[in-house]
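Here's a solo chain for you in structure tokens, the form predicted alone.
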Amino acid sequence: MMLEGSRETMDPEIYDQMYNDMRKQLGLDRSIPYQYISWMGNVLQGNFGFSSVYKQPVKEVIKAPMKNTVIMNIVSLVFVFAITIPLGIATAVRKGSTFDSATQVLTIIGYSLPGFIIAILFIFVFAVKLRLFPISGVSSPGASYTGIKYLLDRAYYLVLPVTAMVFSSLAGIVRYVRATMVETLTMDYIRTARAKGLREKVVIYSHAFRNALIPFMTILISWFLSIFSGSVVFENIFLYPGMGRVMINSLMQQDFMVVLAMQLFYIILSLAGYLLMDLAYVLVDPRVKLA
């Protein structure tokens, strides 16, 4: 669905005729509102258009990259939550200790480094110097593994980009968890719980952390949404065949149907994230009721 050649290399009349036919075929001769309504109608039917670069339906173009992006982001989210929440609680409980000071210094350094710098440093150290992990790709070229070997091979190629994503995300979340926990631990009800003789673990996890989750949920969901859009940088640096690379290539080659479909994915993800935020408030604080 592209014009082969240009007006300079073809007969001008033939080119103009082909150009007009193409405009009618794509619906570009209609008004902008009509084009938008028509596109939305096709989307609701599962038709995202045709890629002018990949020469196939957009749905087929974005299927594999979307799967790769979702896998990488979900894996990184699991590791980030598993590290940041316990570490933030530990630093808040040990406020002023050597462990807290060292963690604060490291998080400040991590917070000040842009994600692409961290990715380049990880490539230089672990791929170029130590040669422990591959720089790019999702699996071994030419390999036809199945079962456990397939999962291990995919995991091996995910280690470096996921580690870089996790490392770049740790600082901000750890500092926020620490700040909310430090503020919560100074509340009167925490002193009352300790005065009643409750165990320290019960005070921290059943009383302090549960209440600290209320303000933490907002930053958590917004960060969850940003990590998907932020993975575009890591995908391009690690040449990871995800949505980020396809989107950049599509923008460079003006393949707007692919770009629109991917933007729609991020919009739906944002709406789902805010819905999840409202539901999470109800779970964390039973006093909150949804209308």
Partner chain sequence: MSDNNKKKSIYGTSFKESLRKMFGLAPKKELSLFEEEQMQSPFRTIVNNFLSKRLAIVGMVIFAFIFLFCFVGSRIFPLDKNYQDATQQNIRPASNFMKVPKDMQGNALQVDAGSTFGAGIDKQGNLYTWGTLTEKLKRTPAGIGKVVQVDCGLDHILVLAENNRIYTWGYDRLNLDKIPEEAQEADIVQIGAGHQVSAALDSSGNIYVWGNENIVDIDPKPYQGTIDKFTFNTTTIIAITKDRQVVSMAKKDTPFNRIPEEVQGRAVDLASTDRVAMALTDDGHIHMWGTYLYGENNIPEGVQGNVKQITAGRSHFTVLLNDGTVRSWGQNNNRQSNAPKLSNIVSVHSNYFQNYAIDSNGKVHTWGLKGYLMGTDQYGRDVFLRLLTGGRITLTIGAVSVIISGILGILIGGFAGYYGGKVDMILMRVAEIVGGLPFLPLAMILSYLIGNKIPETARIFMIMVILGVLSWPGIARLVRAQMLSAREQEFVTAAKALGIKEGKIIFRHILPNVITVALVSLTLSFATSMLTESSLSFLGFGVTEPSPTWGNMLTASISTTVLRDYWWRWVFPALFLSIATICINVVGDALRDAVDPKASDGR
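These numbers were taken from a predicted model, which means no experiment stands behind them. Numbering follows the first chain given and starts at 1.
Another form exists, predicted in complex with its partner chain; not displayed. Remarks below refer to it.
Looking at its partner chain in the predicted bound form, residues 53, 64 and 155 place no heavy atom within 4.5 Å of it. Only one listed stretch (260-268, 64-72, 32-40, 45-53) carries heavy atoms within 4.5 Å of its partner chain in the predicted bound form, and that stretch is 260-268.
A heavy atom within 4.5 Å of its partner chain in the predicted bound form is found for exactly one of 132, 78, 109, 202: 109.
With the partner removed from view, the residue among 82, 151, 195, 128 that has a non-hydrogen atom within 4.5 Å of its partner chain in the predicted bound form turns out to be 128. Contact annotation for residue 116: at least one heavy atom lies within 4.5 Å of its partner chain in the predicted bound form. Taking the partner from the other structure, its partner chain in the predicted bound form has a heavy atom within 4.5 Å of a heavy atom of residue 252. At a distance threshold of 4.5 angstroms between non-hydrogen atoms, residue 274 is in contact with its partner chain in the predicted bound form.
At a distance threshold of 4.5 angstroms between non-hydrogen atoms, residue 207 is out of contact with its partner chain in the predicted bound form. Residues 175, 178, 179, 182 are the members of 173-193 with a non-hydrogen atom no more than 4.5 angstroms from its partner chain in the predicted bound form.
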